[in-house]
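Take a look at this single chain, the form predicted alone, given in structure tokens.
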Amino acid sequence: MELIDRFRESFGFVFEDALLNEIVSISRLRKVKEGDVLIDIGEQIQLMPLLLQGAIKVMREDKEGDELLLYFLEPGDTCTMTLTCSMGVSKSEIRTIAETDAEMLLVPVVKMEEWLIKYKSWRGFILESYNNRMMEMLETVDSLAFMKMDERLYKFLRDSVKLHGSTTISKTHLDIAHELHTSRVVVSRLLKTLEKNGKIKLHRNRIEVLDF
């Protein structure tokens, strides 16, 4: 399948043909492995990702170096926080990590402002992306403010099932603790409670979600 057809398939948004041709002609195709860091905190952003395949997690870090998961990017998404930093010529405030093997187009950020003026479809896509990411961050804030840790953990497991398309989650207790901004001991204790309640089954370095 040609790249422009793959782009149309991944992005449900309808773009002008001229814009599609520009995207494909100037962008660079990049494949990454699970766990690869794409953008780190403090980096100058020069390229904006348009995700074709896989999943990317977007993390925030506090002064002590602890991380918090903000949201996931899936096929058809772009990281509008990356866009905000790039257009403001500021350094990245986030870290993006491949949750799965992924493939994306990397577009030079110098084209972003030009396309906002030149293409109506691009303006619509960016505004919709901002709205989607904002709603996801509000959901993260709500879970931190209003949900108990056991509820946050179970929501995290269910979201992971949806993201990966599998009821088996290959993450260690420490991995989950990092993403939920808590301790491994707390996660291990709550996972055992969920198993006792028949919602999950614990295996070595993987978790099976039963009640989905």
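One-based numbering along the sequence shown. Predicted model, so just to flag it, every value in this text is computed and none were measured.
Not pictured, yet referred to below: the form predicted in complex with the DNA.
Shown alone here, V37 lies farther than 4.5 Å from the DNA in the model of the complex, counting heavy atoms only. When the DNA is considered in the model of the complex, H178 lies well away from it, no heavy atom lying within 4.5 Å.
For the chain shown alone, R184 is a contact residue for the DNA in the model of the complex, at least one non-hydrogen atom being within 4.5 angstroms. Taking non-hydrogen atoms only, T172 approaches the DNA to within 4.5 angstroms in the model of the complex.
Exactly one listed residue, out of M149, L47, V161, M59, brings a non-hydrogen atom to within 4.5 Å of the DNA in the model of the complex: M149. In this stretch, 101-124, not one residue has a heavy atom within 4.5 Å of the DNA in the model of the complex; the partner itself is omitted from this view.
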